[in-house]
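This document opens with one chain alone, in structure tokens, the form predicted on its own.
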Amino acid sequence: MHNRMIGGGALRLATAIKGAKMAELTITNLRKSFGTFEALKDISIAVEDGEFICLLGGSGCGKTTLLRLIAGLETHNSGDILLGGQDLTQIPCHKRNIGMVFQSLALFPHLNVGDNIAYGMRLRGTPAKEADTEVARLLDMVGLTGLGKRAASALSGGQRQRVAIARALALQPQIFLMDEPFSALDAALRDQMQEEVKRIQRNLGVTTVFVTHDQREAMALADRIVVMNGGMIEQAGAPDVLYSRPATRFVATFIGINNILERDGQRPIAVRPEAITLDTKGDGLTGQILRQRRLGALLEREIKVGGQTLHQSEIAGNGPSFEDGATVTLSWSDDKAWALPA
């Protein structure tokens, strides 16, 4: 096995986050091309030990490619991938201490639940009694106590997800990777599984990288979200930072609903719908209410301002009532608006 010393840039990146604490996963200047298509363009990021990060972006942004490079399922063109300070470049996929849950789950249909979970341990030569004890512990952890002998094909969608998670964790991986594992589940079950994964990750303290295209899922799960676009990282930060202070126009429009106000060639101004208040008097920006709709406790409005349609929202009953077509004045506090690059 070929091992290299950590390069100066990688080491600085690994120690930069949260003081001097060493990162568990460090990616530096990573590039990946498929023929003439450059899927990843100079990606650098450090993931702290025990951190839960979400790679978030639309189809083709590079998030799954990045995950597959970490797992060793693809090879990169240039750059470094370090896990616990160890260079993964020359380590094959099956020898990396990584647990992964695929979108398809990839359970073995001919094996029962317990044998699916124990499969990796048995390949590593774990004694049968020790493997059985670990399987029982994992079944309890994922809420499937007593189902070890059940056929994997007889499980519900949520139960199969839990088996896939337990199987990935059975080898006590150094890092846990998940590639859109809940995309095929209905909304209620998806919410439940998100809570389960967060609980398990917190209890184990395992470093986790989770790929999703669902901003709501990323906001619910992540300690830090990495927003990707066109093979590059647009912004990485805590969910509340990305929501309240997006660094680019793409992030501002991708994370939730945002109003982007153009200012005659100056930098655009972004304001969230819930930051806008309406009145029928006062100076400032005026517009005409085009549409109003009640969504449970929330009241949403579309307002025509010049050539733009802006969005405003509030808890129903917290502000004055207006008829459709009414002319209103829009205002917001300075700390609720921010400038974006042109």
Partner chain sequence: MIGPRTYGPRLIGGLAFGVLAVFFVIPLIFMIVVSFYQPDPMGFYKVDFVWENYGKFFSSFYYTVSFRSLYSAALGAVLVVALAFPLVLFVSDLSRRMQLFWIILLLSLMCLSEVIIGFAWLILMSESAGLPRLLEWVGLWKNPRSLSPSFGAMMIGLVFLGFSIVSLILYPSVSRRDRNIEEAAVTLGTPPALVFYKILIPTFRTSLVSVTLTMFVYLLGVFVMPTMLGRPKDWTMTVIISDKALGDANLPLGAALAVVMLIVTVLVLIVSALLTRRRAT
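Residue numbers count along the first chain shown, from 1. Just so we're clear, the structure is a prediction, and the values are computed from it rather than from any experiment.
As for the form predicted in complex with the partner chain, it is not shown, yet the points below apply to it.
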Can you tell me which of 105-113, 198-206, 248-256, 132-140 lies within 4.5 Å of the partner chain in the predicted complex, counting heavy atoms only? 105-113
Can residue 123 be called a contact residue for the partner chain in the predicted complex at 4.5 Å between heavy atoms? yes
Against the partner chain in the predicted complex, would residue 167 count as a contact residue? Criterion: heavy atoms within 4.5 Å. yes
Does the partner chain get within 4.5 angstroms of any non-hydrogen atom of residue 98 in the predicted complex? yes
Tell me, yes or no, whether residue 311 is in contact with the partner chain in the predicted complex, where a contact means a heavy atom of each within 4.5 Å. no
Within 4.5 Å of the partner chain in the predicted complex, all of 225, 272 and 338 (non-hydrogen atom): no
154, 189, 93, 128 - the one with a heavy atom within 4.5 Å of the partner chain in the predicted complex: 93
Using a 4.5 Å heavy atom cut-off, which residue among 238, 184, 73, 260 comes into contact with the partner chain in the predicted complex? 73
